[in-house]
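Shown here is one chain on its own, the form predicted on its own, set out as structure tokens.
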Amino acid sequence: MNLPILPTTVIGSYPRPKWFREVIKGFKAGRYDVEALNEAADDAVVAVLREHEIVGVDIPSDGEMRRDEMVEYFAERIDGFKFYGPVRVWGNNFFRKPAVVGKLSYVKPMIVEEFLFARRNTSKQIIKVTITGPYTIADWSFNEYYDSKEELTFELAKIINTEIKKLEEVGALFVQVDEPALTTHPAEMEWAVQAINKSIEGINIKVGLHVCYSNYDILKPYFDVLKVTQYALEFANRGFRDLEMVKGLTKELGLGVVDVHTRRVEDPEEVARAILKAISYIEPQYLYINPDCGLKLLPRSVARAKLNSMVKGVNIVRKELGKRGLSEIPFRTNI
């Protein structure tokens, strides 16, 4: 299977349509039942997939329409977690921080049906499926059962591994493990990296690792230790200052070219310049192009405009690469 050179994709989350947010509010207030909520969620996924396709994204996602938060969503579906109440994370934003109160166990597939629904509703060959990694789930949870955070993380790694294998069995081709917490405790990196490897052990499809807003000096020594195919990293927010750190990278790079923390929409030419700068450090055959992170917190019109500029910027560079005979790359599942 081949893709156009510089395949465009997303990190995962996307703004929920306004009407879907209203249905969620109505459901919580008792005005809608579960059937109505699920129908609205299905419709929202279809809308997001169509939006990605219309803009020209090569590898779309379902926008994580069914997920309120990346850790609590999975904790709700793993036996052994309990929720005490919301915790303030920043400003006036809260999330339901889970607590581990018993031995964790895999109950049933968590996101397999999400993937199957998305696949039925897109014309694209490949969909990116996102799953929160074991270290981030452990780091963002209270541990009231296991002897150590390390023990908890490896228990979660077994569960995530089971879920990814279920996704592979039903035909998923590209799974992204999200680990925003990975570099926040440098002293834990050695075993955290091994836990991530455990979570993808025996997997024969493409596995990306997304680590955003991090100190990449902490991550770089583990580039060859982690058994992933691709790193999806944020660069636009930091003004592309750290690009030299990917020189010599032996994996694919998902290059973040639009900043999700500002409503300013980048010009396509600005995106093209960023890609050309990256190409001076890594061969274009190993570059994917994506936003820095999920677009969930932006207005939907801004998110779409940013993706549109991203795709147009990629097309500018593709024309230049086409003159060098570079038009396609293989879809790699292992490097």
Partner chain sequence: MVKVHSAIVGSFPRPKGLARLVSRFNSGKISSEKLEAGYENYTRKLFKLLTSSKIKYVTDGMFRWDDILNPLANYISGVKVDGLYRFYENNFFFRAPQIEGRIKLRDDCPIPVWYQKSMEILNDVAGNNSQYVLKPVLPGPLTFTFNSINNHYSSVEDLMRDYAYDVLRPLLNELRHRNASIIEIHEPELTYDRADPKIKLLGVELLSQVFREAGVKIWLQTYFGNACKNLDFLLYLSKYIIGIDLKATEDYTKCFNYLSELNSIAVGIYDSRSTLIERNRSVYWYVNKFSKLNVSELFISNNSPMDFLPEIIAVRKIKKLGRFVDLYNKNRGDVK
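Positions refer to the first chain, counted from 1. None of these values were measured; they are calculated from a predicted model.
Below, we refer to the form predicted together with its partner chain, which is not included among the displayed structures.
Trainee: Taking its partner chain in the predicted complex, would V87, F94 and A99 all count as contacting it (heavy atom within 4.5 Å)?
Mentor: Yes, because V87, F94 and A99 each have a heavy atom that approaches its partner chain to within 4.5 Å in the predicted complex.
Trainee: Using a 4.5 angstroms cut-off on non-hydrogen atoms, would F223 count as touching its partner chain in the predicted complex?
Mentor: Although its partner chain is absent here, F223 would stay clear of it in the predicted complex, with no heavy atoms inside 4.5 Å.
Trainee: Contact with its partner chain in the predicted complex for W140, defined as at least one heavy atom pair within 4.5 Å: yes or no?
Mentor: The answer is yes: W140 has a heavy atom within 4.5 Å of its partner chain.
Trainee: Verify the contact flag for P186: yes if a non-hydrogen atom of it lies within 4.5 Å of a non-hydrogen atom of its partner chain in the predicted complex, no if not.
Mentor: Result yes; P186 sits at the interface with its partner chain in the predicted complex.
Trainee: At the 4.5 Å heavy atom threshold, is E244 in contact with its partner chain in the predicted complex?
Mentor: It does not: once its partner chain is placed as it appears in the predicted complex, E244 has no heavy atom within 4.5 Å of it.
Trainee: Among 140 to 148, 157 to 165, 170 to 178, 110 to 118, which stretch has residues with heavy atoms no more than 4.5 Å from its partner chain in the predicted complex?
Mentor: Flagged stretch: 140 to 148.
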